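Below sits a lone chain in structure tokens, taken as the form predicted alone.
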């Protein structure tokens, strides 16, 4: 690492005052990625927050590793291509805006670029992966001012865009996961073989009254988005986020608890429309959305009471969309709706607390 540090120090003048000055944000992003920034406070006490953006994003990446490994195992080398395209297209948008604004490139896209392929059908054309992530970063984040100012989760904005713009392709790009011992670790499934390997997702089959095996959903040997098929892998990563306090448990419990409660009531009242609660908890993107998407600290409420209301809203809306609309999955729309209400929920909580303090005073 000392050799690499010397390289960065040697080229620093070129990016700070030389011909490549316009690309200074890209240089600083790479430097901060490999080496922790050395800036400290100018006066005592010289304390730095241990949970900075880089560390927070690193924890999320670590938590995603089980789901990433499962996606590689079940869907093969195509996942590598999707991740590369996601980082290339979305990263290009980030770099362009950083250069135009003359700002540093934030580490936030390290997570967005990894999350986006995991919430897509594994056989989706690569150009759609690039288009979707570019749209999500541009519309979902950069138009609001960049990392820390976005109202919506960028990855979900990109997926929502693809679902509305290319519904036929998005609903026909599912793959039947390999159930061989070696999986598809050394296979690359191209577009020509998709038709022979495609199959309906468990939620699509549930609309027809057919319920996939719960054990298959736990381990991931079912069709679905690349990183959302293995419930065990998602839970392992989600528990890690909760233990490291990167994700707030109130949001997760609010989503899963309200989903289970309302889902149980509706299953008893309308069993033909709403399936068993435990089955639905493991199906689709509910677990992945609850642990990795809804807990985004930027687009979710900051108050504890707001997090409870936010989670309950997402869980209830997901049940209603799955059971009583033409969509087989409702997590994406439910979380985006929650993102809209997040600032309002915080405003309501603050207003109630201020009113209470005034009445007590």
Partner chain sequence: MTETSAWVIFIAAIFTNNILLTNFLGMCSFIACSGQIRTSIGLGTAVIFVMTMTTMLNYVIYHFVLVPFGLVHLQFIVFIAVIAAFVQLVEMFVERFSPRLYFALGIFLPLITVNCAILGASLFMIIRNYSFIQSVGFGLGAGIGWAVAIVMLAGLRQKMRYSNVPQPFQGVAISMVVTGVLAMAFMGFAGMVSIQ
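Positions refer to the first chain, counted from 1. Being a predicted model, the structure only gives us computed values, none of them experimental.
Not pictured, yet referred to below: the form predicted together with the partner chain.
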*asked:* Since only the chain is shown here, I'm wondering whether residue 166 would be in contact with the partner chain in the model of the complex (any heavy atom pair within 4.5 Å).
replied: no
_Partner contact for residue 312 in the model of the complex: the partner chain, 4.5 angstroms, heavy atom_ = no
_I'd like to know if residue 240 sits close to the partner chain in the model of the complex, meaning any non-hydrogen atom pair within 4.5 angstroms._
no
*Classify residue 101 as contacting or not contacting the partner chain in the model of the complex by the rule of any non-hydrogen atom within 4.5 angstroms, answering yes or no.*
yes
*Which pick from 211, 144, 249, 188 sits with a heavy atom within 4.5 Å of the partner chain in the model of the complex?*
144
*Counting non-hydrogen atoms within 4.5 angstroms of the partner chain in the model of the complex, say which of 73, 152, 279, 219 makes the cut.*
152
*For the chain shown here without its partner, which stretch in 79 to 87, 249 to 257, 219 to 227, 93 to 101 has non-hydrogen atoms within 4.5 angstroms of the partner chain in the model of the complex?*
93 to 101
_Within 4.5 Å of the partner chain in the model of the complex, all of 232, 261 and 283 (non-hydrogen atom)_ = no
*asked:* Where, within 320 to 355, is there a heavy atom within 4.5 Å of the partner chain in the model of the complex? Residue list please.
replied: 321, 324, 325, 326, 327, 333, 336, 337, 339, 340, 341, 343, 344, 347
